[in-house]
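Consider the single chain below, provided in structure tokens and representing the form predicted on its own.
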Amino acid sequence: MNDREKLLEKYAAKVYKNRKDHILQLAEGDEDPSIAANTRTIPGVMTARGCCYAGCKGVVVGPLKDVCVITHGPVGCGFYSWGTRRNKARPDEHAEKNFLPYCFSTDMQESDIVFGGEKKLEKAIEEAMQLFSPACIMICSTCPIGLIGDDVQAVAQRTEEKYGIKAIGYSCEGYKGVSQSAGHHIANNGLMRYVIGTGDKAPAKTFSVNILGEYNIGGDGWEEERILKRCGIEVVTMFTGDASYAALKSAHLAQLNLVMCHRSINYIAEMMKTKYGTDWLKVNFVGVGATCQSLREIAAYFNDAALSARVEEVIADELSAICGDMEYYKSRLAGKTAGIFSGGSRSHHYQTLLRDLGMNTVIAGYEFAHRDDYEGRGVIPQIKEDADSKNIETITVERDLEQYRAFYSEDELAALCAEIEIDTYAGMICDMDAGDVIVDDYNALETDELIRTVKPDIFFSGIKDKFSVQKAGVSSRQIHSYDYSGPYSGFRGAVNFGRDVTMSLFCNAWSYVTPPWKHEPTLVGSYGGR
């Protein structure tokens, strides 16, 4: 009985039927492994997923520094999406203001739910304009708003007419879709429809890119931007870490899109390709080898000898600066095993960094992925649209005849695709080994059982299961917010990651603690009577 079968035997028949296709253990010679994804979690199962609102506000639009993003709903929703992610930002030439330290919410109360909250929302917008004077306001709906029918789009339109600014309403109620993935899609639609393409500030340098799906957790985006600038490549904007509304408006003028988090931003990548002719390249700046490969592929795309030479110079210089530290951490970590569960593409990205440190990933999975995140975009035609998918608007864009500017002709692009993968993604599974366990939409029981049977030395996941894993005696680190560390991207980030993992594994205090309930009863009593 393999690890997958041991895990599934814990379930009753109904749950077994639901979960069996979401759990995969790779076998030798398995050419086309398939996994179920993006389906509803069984009520009562303790999943680690977030909601549609969390994907829209908490992930995609929340990091915009010069935008007043108002949560229209209870204050707890706003606080949850504001206080749990470490999106760093600082004022710059595009945005003198930085609103990230603030949590904006209409704080809907019971009476507001009964009588409607549009007037309260408009009052909140009036206060925001008086206090902060933002260039853009975005409104994100939570569950109660969809239930009572407040029209946030109408409020946004009235806001534009009254104040002369851009205002966007997102109907991203938490219950839509099956996870936060639905919120990513809704946010992508809004940015594409109302923001991207409305600016005209052209890049200053010869080579320019956007970094899509980079939310600057712990300063990751700044480290990536530093390396690209050393190579002579201008970052027009990030989507949306340390990004501004002003910069996003001119994102369509960049020559190439670099996609970090495939799941949260692939919609914009595809739509910009159709509308503006902007190719996209799936990159990974997490890991030393992965960063080197991504930089070389970017240089290959631009096909410039001077740029390629400069990239090699930067790589050599960066490697020389970190080689001693990386060798030391590898000497401490070689042979260790890891489990990793996250959202976006991180469960894939961090496996490359763990390999740089001599570690093996034996368990991996995503919270809210679709099949193409696991199996690659080649399976997209096979994915059947269900009722949950139809609940999320899919917008159609057409070629902009005035602003369409493809970098290559179709024939040139086809020739280049023989060297590097452009406008596609191969997925996570192809980089994993026989015997590895892959779990989609993992839950508390599966986490506990996999730790008990597979016995990874360290477990990377989110805050919801971090402490239960630690108390089981296994080192645990947050891969969503880095436990207040970082950056982990790029060359310097790899050293930070090695330091933190080494610290966790060799200072694992919980492994020396035996919980009292393991050797004595937690409840003592007696009962009597007839």
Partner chain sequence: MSENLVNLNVNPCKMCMPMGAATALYGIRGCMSILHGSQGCATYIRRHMATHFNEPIDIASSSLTEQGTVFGGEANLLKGISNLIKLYRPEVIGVCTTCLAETIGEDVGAIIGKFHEQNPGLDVKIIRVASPGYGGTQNEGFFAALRAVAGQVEPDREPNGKINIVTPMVSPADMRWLKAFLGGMGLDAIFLPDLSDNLDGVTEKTYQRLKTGGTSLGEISKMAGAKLTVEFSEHAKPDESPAVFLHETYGVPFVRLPLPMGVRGMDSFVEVLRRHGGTVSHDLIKERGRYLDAMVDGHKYCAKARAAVFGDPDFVTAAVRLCCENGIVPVIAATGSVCPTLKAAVREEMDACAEISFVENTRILEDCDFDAIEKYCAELGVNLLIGSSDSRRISRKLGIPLIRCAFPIHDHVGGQRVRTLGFEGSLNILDQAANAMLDRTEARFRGDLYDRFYKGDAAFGEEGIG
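Just so it is clear, the model here is predicted, and its values are computed rather than measured. Heads up, when I say rigid core I mean the largest set of C-alphas that superpose within 1.5 Å between the two forms. Residue numbers count along the first chain shown, from 1.
Here the subject shifts to the form predicted together with its partner chain, a form of this protein not shown in this document.
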Does P43 reach its partner chain in the predicted complex if we count a contact as any heavy atom within 4.5 Å?
-> yes
Looking at the partner-bound form in the predicted complex, is A472 within 4.5 Å of its partner chain by any heavy atom?
-> yes
Given that the partner is absent here, does M108 sit within 4.5 Å of its partner chain in the predicted complex, heavy atoms only?
-> yes
With the partner left out of view, is P63 within 4.5 angstroms of its partner chain in the predicted complex by any non-hydrogen atom?
-> no
Name the stretch: of 203-211, 314-322, 127-135, 301-309, exactly one has residues whose heavy atoms fall within 4.5 Å of its partner chain in the predicted complex.
-> 127-135
In this chain shown alone, the residue from T84, N98, T424, T453 with a heavy atom within 4.5 Å of its partner chain in the predicted complex is T84
Which listed residue (E297, D400, D436, D448) meets the criterion of a heavy atom within 4.5 Å of its partner chain in the predicted complex?
-> D448
Spell it out for me: taking its partner chain in the predicted complex, does every residue among C51, G76 and Y80 have a heavy atom no farther than 4.5 Å from it?
-> yes
Counting only heavy atoms, which residues in 174-212 are within 4.5 Å of its partner chain in the predicted complex?
-> G174, Y175, K176, G177, V178, S179
Core superposition between the shown form and the other one, C-alpha change of Y11 at least 2 Å = no
